[in-house]
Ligand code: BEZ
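Next up: just one chain, as structure tokens, the form predicted alone.
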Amino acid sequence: MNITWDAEKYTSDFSFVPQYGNRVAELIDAPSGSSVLDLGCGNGALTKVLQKKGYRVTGLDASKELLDIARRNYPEIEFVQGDAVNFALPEPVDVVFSNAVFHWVEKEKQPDMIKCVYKALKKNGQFVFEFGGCNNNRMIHSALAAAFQEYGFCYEMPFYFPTIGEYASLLEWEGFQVRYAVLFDRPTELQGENGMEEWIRMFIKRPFTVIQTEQEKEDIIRRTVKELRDSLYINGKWYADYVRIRMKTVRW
């Protein structure tokens, strides 16, 4: 799942990612002073929100670039570099929270990540999260796949987007009790006239590693954006067709 981020651009142009996480954080009902791990904390914006709610927070992320921004902006918070599928804490916490992270983890590695979370939590600890669910960005990925095929390449889906039933089964197998689960559409406005093009450049990286020339990459992006214009460019604004899965579970 580890990729190199343009951390400054992510922070300035894609602030909607942590902003939407505010609603996810509302599912936490642990008392003030509880310990919380923000798993996949990114630039630390949501970690700070959790701290303001009265929690003792730690942020963990694999990206050095994003952690550099987090430490610069929130020097009072502890941020640790680590991999979501292979981490351990010095002592268990009351809550593990995560926003917009788990779809980056390969399907076959999901059980490893869930096992790490289970070990990181105290008994009756809460695991609260949101990430891309079934059919997330379906129109965008379909258009990319068609453009790749047109240029003689195979588009490899770089994300894991499960159903509620599929993911609940993984959690229950490890020993979590699912208390809340919802799958919902969340069309998300993108910034500027080139919003879709910039979204693709920021988030769709691995599939383009098979592209042989920079010109072909640019042509594929332009072809994709043209194809999406009728469906996702609405009243002068670009939208991404997000579908999110949001869950709250408890460690038995």
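Because the structure is a prediction, the values reported are computed rather than measured. Heads up: residue numbers just count along the shown sequence, starting at 1.
Omitted here: the form predicted together with this ligand. The next part is about that form.
Though the partner is left out of this view, N136 does reach within 4.5 Å of this ligand in the model of the complex, counting heavy atoms only. Using a 4.5 Å cutoff between non-hydrogen atoms, F208 does not count as a contact of this ligand in the model of the complex.
At the 4.5 Å threshold, heavy atoms of P92 stay clear of this ligand in the model of the complex, well away from it.
This ligand in the model of the complex comes within 4.5 Å of a heavy atom belonging to W104. Of the residues F127, F79, Y167, F161, just one reaches this ligand in the model of the complex with a heavy atom at 4.5 Å or closer; this is F161. With the partner omitted here, the stretch from 196-204, 24-32, 53-61, 40-48 that lies within 4.5 Å of this ligand by heavy atoms in the model of the complex is 196-204. Of the residues in 227-252, those that come within 4.5 Å of this ligand in the model of the complex through at least one heavy atom are, in sequence order, Y242, R244.
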